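We begin with a single chain expressed as structure tokens, specifically the form predicted on its own.
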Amino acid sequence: MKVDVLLGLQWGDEGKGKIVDVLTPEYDVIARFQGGPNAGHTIKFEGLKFVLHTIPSGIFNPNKTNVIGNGVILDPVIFRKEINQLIKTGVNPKDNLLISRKAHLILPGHRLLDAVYEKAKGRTMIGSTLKGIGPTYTDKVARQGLRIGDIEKQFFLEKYNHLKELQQRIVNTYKVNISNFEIDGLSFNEYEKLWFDSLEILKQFQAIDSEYFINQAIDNNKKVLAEGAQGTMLDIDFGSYPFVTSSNTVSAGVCSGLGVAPSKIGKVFGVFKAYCTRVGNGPFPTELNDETGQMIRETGNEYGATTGRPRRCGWLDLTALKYSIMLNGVTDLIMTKGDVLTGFEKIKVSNGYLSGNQKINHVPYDIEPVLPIYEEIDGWQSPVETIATYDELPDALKDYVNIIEKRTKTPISIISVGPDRSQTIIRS
């Protein structure tokens, strides 16, 4: 048995949470392998809506084991809120959620540093979610981070205070006014107290050596699905640097984020929207700063699940999509939000760039100055939200699917036509 992988192929927000929820019945273990509470995986079913930030999207199936892997970083306060929201709706995550001892903790000081760094950048800010993601991964690489397994150690408080002192020294070197600084509406001291209180909730969950757990599950012929956060174009190495996240969002991140060998990777499901969106700053070749872009935003409810910020919207970029497929070794494509483009007379797709006077078919080192080369196709007019089979879809939408498959040389196995788990077409 091998580990299947599900990840995003664009700039995040592709609808991964819903698809993981849909696929969960086919698996025994769902494991997050990177990222932190900067993720926002939205799941809708039976009239209910949930937004998960750290917890794997298979949590709603009580018969499946969910694992927060070592590559994930965790904020106890946000984790606590997430747990409480699940319990209020009748979900008991204590029954089927395990946490890697090697997962790193986001400290209050990391969130302070995140805000200071972003403010100090001025006009060059990257559009951080201010969840402390970058500073936490920085401390991880600097070998001075705190991990889940440290919580019960005698040195925990001593190490926390030492790291807090180091963080404060860094803050003091920046000429940034933080006199009114707040974390989620709380002063630093108030948030710090809440952070320590939240550790008591975290202690109620079973901490495991996740690398052994995952590999033993594989050896016992258990089906494992690795769930990624953000998207390929936000990968720290291969994304639109420096406007990226701080972890490896590509399939290679599964190996380091869960502790599995490359030879144990099976299918790679790549999720993409029928169009493109992006939150925050950074290059976006097909962005539409016009009425069409606004129409996509409103129809698709393109506002960040984590930040609430309006997402930038644009036509589908096949050059970037093919780049992501190459990096991840995608075996199956999954297209979401096919319903959002209903009603457009014409739809554009970019299948190349102009760099100066030269046509290129790859994502260049400097993607900012390129211009998209579009081809135009007919749109579909009839609603698709209630359609249950591929054959019932409008011919124009099936033509759109065929064009994408032809250009990417990769099959689209699932098409989402609405936010609810039931609004999903699985092709045989």
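Worth saying up front: this structure is predicted, and the values here are computed from it rather than measured. Start at 1 and count along the sequence shown; that's the residue number.
In what follows, reference is made to the form predicted in complex with guanosine-5'-diphosphate, a form of this protein that is not presented.
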Based on heavy atom distances of at most 4.5 Å to guanosine-5'-diphosphate in the predicted bound form, which listed stretch, 94-102, 329-337, 177-185, 354-362, is the contact stretch?
329-337
Within 4.5 Å, heavy atoms only: does R311 come near guanosine-5'-diphosphate in the predicted bound form?
yes
Is T408 a contact residue for guanosine-5'-diphosphate in the predicted bound form, using a 4.5 Å heavy atom cut-off?
no
At the 4.5 Å heavy atom threshold, is I404 in contact with guanosine-5'-diphosphate in the predicted bound form?
no
Answer for P394 alone: is it within 4.5 Å of guanosine-5'-diphosphate in the predicted bound form, judged on heavy atom distances?
no
Since the partner isn't included here, can you check whether guanosine-5'-diphosphate sits close to all of D13, T42 and P419 in the predicted bound form (heavy atom within 4.5 Å for each)?
yes
